[in-house]
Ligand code: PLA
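Just one chain is shown here, as structure tokens, and it is the form predicted alone.
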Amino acid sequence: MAALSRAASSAIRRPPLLLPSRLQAARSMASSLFGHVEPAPKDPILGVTEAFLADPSPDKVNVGVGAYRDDNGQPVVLDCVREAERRIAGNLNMEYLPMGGSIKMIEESLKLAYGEDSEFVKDKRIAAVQALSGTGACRLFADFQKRFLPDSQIYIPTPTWSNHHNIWRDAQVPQKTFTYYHPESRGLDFAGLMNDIKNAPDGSFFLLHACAHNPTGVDPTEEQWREISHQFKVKKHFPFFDMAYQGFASGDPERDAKAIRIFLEDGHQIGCAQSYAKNMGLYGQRAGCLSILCEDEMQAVAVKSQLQQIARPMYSNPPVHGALVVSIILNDPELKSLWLKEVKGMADRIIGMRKALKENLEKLGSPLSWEHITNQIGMFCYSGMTPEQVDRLTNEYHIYMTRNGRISMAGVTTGNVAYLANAIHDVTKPN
């Protein structure tokens, strides 16, 4: 009887079988829920790498990816990073970090951005949290801006890294643009930039690239930064710096933070997004920091608590491994010295490839001026090539880059620079 009772009970719990017609109807109902979803457009940067990988040509060259490569075109892991990982292995746990992230990493990040002996760090006036690299830092700030200054908007330079627009759009912060690049000179449109700053409503938010502007590689001079800072003071604008390339631009982290230091000297409250993707090669570790300079310690405590609340439903806690690598390197004098040497080596190789590309184009007898290749700074060269010329590079020479003509100088090597120069000369020479 007990066996029969169990069998009967099991039969009762078993779900009813669906007839073919009902099964088809259930499937149709499920598919119709998402039937309106269209494929997303390809990312303009990541799509380049996808096309490159699918190309079987042995001559293919990828100068689209924004990641450092050695002179053999291979990814690089810095020696200081390997040593930090050796110290981590088997010695440290992988418990959750606090919502705000690694205290040690944040402390060292603030010293890098604001200065080793910064009064703002000592006075605890900076609200700072670990972020998911520079992208995550920007997104946290955008959401903070929307939540606590809902009537504000953000001014973004023309052009800028394409993801900047995505970040503030998805945070539902209205966007406007300000003049930055001058296509004819391949340099900075300083007059247009200053005019837009002056004409923006008082108290506007501006996104500024601290160094190695992406995608143009065009930075203001120190004197121009001082004029920009002065005009921001007059207009009571808020500067938010995206600093993705500190140290990687010139080889000197102090020099690359000069714009931020100028604004601090002038008494601005600022925001700053830092990333260790480029300057430590920690692309996949998503190690970054968001900081906001406040009026006093009490305000900084309040702001940090709100940043943590925004992070909580997004990802709860930031990843630990990259934070450990960064804090070990920056907190150890020997490893930090090695890092400074290695980041300078990366910057110097990029600078060397700029010179080589320019020289090769000039040797080919190009009638165009290529001075902007060496005048620009950082990972990218804004070549001035048209989308149609870029398409020819891809179709005829298997050279891949974004259609705005941005060349990742990290992808240029001694082995491919002559080939690249020849292809560029061919597609840009007058008919």
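What you are looking at is a predicted structure, and each value in this text was computed from that prediction instead of being measured. Residue numbers here begin at 1 and follow the sequence given.
FYI, the form predicted in complex with the named molecule isn't displayed, but the following is about it.
- You can rule out all but one of 170-178, 97-105, 209-217, 250-258: in the model of the complex, only 209-217 has residues with a heavy atom within 4.5 Å of the named molecule.
- Contact with the named molecule in the model of the complex, judged by any heavy atom within 4.5 Å, is made by just one of Tyr114, Trp161, Phe263, Phe240: Trp161.
- Proximity to the named molecule in the model of the complex, defined as a heavy atom within 4.5 Å, holds among Ala244, Val343, Val326, Leu290 only for Ala244.
- In the model of the complex, Ala277 approaches the named molecule with a heavy atom inside 4.5 Å.
- When the named molecule is considered in the model of the complex, Arg286 lines it closely, a heavy atom lying within 4.5 Å.
- A residue is said to contact a partner when one of its heavy atoms sits within 4.5 Å of a partner heavy atom; Ala51 fails this definition for the named molecule in the model of the complex, lying far away.
- In the model of the complex, the named molecule lies within 4.5 Å of some heavy atom of Gly134.
- Heavy atoms of every residue among Gly66, Phe380 and Arg406 are located within 4.5 Å of the named molecule in the model of the complex.
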